[in-house]
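To begin, one chain is listed below as structure tokens, in the form predicted alone.
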Amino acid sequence: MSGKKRFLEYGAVQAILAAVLCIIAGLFIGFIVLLLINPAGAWNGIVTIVKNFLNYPSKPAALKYLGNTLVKTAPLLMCALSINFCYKTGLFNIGAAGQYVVGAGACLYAALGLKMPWYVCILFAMVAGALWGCLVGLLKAYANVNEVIAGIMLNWIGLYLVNMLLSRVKEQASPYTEQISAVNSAALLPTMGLDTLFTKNKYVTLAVPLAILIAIVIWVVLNKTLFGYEVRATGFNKEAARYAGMNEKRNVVLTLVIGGMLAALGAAFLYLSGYEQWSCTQSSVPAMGFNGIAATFLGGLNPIGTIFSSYFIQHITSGGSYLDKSIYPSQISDLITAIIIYLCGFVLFFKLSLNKYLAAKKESASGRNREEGGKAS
């Protein structure tokens, strides 16, 4: 028998198949929910969610709203990369949501309060996110505090600190921060001509291609560098990594610092585009950091796969806003996303089952070959 792998034996193929199955199952269950609410419009409802910007009949309008989806995809991708990078070290960075929050606070205060240009605002966000991630890393490495507990606590601390900080730069008559375009247009991310490409959508900026480039860089770092090898080795077995001379504590802290920078950078990508304003009275952590968990696992824990999964999750999330609100709640798209997250937990089971099936099939074929060889001799 040849040692060459079959098509279905490649890890990347199995990850893609598992993701597609999760998506199909999630959409199917979402369709069932729509049927239970109102059978008459269920099919049109699920099609509307999947179509998203394609619900617009004209190409210019569709392109413009595709741009809006991409604007929200960039920060989601950064949060997903944050969780992905930390997961390689065996860490579950649920604190990415809080790191996203402090990144938003830092970049907005730099833009509105200090009147800094966009590249300095980005640096402010990255430093804030790195410090927030460092806190979790130090607690984990030197006090053995579970990163999930530390991350969740810091999420809420970060939220209320940012609310207080940005209250200094909010509009007089509303709880929202001032508009960057009116106060300091130099803090807006450059569009690099992308606004023209997406039918004069001024929110499509440098953030979109830069987020994709960062995902590629993360893949290279994890798979082609010594530091990436140490990160993955620490995640596989901390004791073995320590025995091999790797600085386990340094890797834990540094990984969470990088994860914090990535999540905070995602916030800068969104708020420095001018697409949203921060509400200084919000009492819940933005969902972007938590949605990154779904994008990470749906992408097969691969930075390149995460690019596509982040877009898909944002695509159906945006598609939910086009549902007929008099019949269906727009949260149906959130439900579908939640189901997909749940099903991602069975990805490993799917891979194990598939590999077991392929091994049994190979063994059966090998037995037949031996039997035929015996008859021939």
Partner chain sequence: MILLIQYTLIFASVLTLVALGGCFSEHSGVINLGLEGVMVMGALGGALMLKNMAGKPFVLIVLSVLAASALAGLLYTILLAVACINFKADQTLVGTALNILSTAAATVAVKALNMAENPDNVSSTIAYGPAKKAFIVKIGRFQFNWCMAVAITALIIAFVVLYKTKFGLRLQACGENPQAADSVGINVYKMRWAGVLISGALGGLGGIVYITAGVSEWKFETGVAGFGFLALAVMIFGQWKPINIGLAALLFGFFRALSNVYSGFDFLARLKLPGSIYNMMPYIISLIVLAFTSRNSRAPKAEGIPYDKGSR
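Since this is a predicted model, take the numbers as computed values, not measurements. Numbering follows the first chain given and starts at 1.
Just so it is clear, the following notes concern the form predicted together with the partner chain, a form of the same protein that is not shown.
Colleague: Three residues, F85, F124 and L131; all within 4.5 Å of the partner chain in the predicted bound form via heavy atoms?
Modeller: Spot residues vs the partner chain: no contact at all.
Colleague: So which stretch, 113 to 121, 72 to 80, 218 to 226, 141 to 149, is the one near the partner chain in the predicted bound form (non-hydrogen atoms, 4.5 Å)?
Modeller: Every other range fails; the passing one is 141 to 149.
Colleague: Which residue, I37, L54, L27, V47, has a heavy atom that falls within 4.5 Å of the partner chain in the predicted bound form?
Modeller: Only one listed residue qualifies here, and that residue is I37.
Colleague: Give me the residue from I157, A186, V169, L206 that has a heavy atom within 4.5 Å of the partner chain in the predicted bound form.
Modeller: Looking at I157, A186, V169, L206 one by one, just I157 meets the 4.5 Å heavy-atom criterion.
Colleague: In the predicted bound form, does P329 have a heavy atom within 4.5 Å of the partner chain?
Modeller: Yes, contact at 4.5 Å.
Colleague: Test of understanding: in the predicted bound form, would L66 fall inside 4.5 Å of the partner chain by heavy atoms?
Modeller: Residue-level check for L66: no, no contact with the partner chain.
Colleague: With the partner left out of view, is S283 within 4.5 angstroms of the partner chain in the predicted bound form by any non-hydrogen atom?
Modeller: Residue-level check for S283: yes, a contact with the partner chain.
Colleague: Find out whether any non-hydrogen atom of I212 is located within 4.5 angstroms of the partner chain in the predicted bound form, and reply yes or no.
Modeller: Contact with the partner chain, no.
Colleague: Any residue of 63 to 100 with a heavy atom within 4.5 Å of the partner chain in the predicted bound form counts; write them all down in order.
Modeller: The stretch touches the partner through Y87, F92, I94.
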